[in-house]
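Next comes just one chain, in structure tokens: the form predicted alone.
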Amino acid sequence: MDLPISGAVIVPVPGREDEVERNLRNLPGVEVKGRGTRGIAVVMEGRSTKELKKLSEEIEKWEDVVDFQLVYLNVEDEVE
């Protein structure tokens, strides 16, 4: 089974950083790694690349999000 993982930076509307970070932390499979002047860094895990794409598109549509920047996507075989 493949294990897709991706890293992204979410750029919130100025002044809405706390709300966006809180909403990201509440999403299953999303881990907030840090927050800086350029946005909120996250790592996302899913069962498939299709699932990660859907999650990315959902976040990108939030009204408090200016931009969603995919930094990397990696798919590895699960080790049993």
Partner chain sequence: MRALGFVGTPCQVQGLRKLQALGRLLGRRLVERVELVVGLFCMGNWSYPCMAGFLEARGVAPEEVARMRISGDRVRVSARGMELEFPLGEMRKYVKMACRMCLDFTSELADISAGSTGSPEGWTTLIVRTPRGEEVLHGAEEAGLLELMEVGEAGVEELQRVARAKFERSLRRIQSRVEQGDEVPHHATRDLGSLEEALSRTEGRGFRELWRDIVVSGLCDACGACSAACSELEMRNGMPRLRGRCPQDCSLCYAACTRTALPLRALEEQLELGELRREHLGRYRRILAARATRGGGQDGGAVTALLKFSLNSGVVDEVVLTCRDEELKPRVLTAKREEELEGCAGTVYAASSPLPELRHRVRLST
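These figures come from a predicted structure and were not determined experimentally. Positions refer to the first chain, counted from 1.
The discussion below concerns the form predicted in complex with its partner chain, not included here.
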May I ask you to check whether residue 70 falls inside a 4.5 Å heavy atom distance of its partner chain in the model of the complex?
-> yes
Can residue 56 be called a contact residue for its partner chain in the model of the complex at 4.5 Å between heavy atoms?
-> yes
Is residue 60 close enough to touch its partner chain in the model of the complex, meaning at least one heavy atom pair within 4.5 Å?
-> yes
Residue contact check: residue 33 to its partner chain in the model of the complex, 4.5 Å heavy atom | no
Since the partner is left out here, which residues of 32 to 52 would have a heavy atom within 4.5 Å of its partner chain in the model of the complex?
-> 48, 49, 50
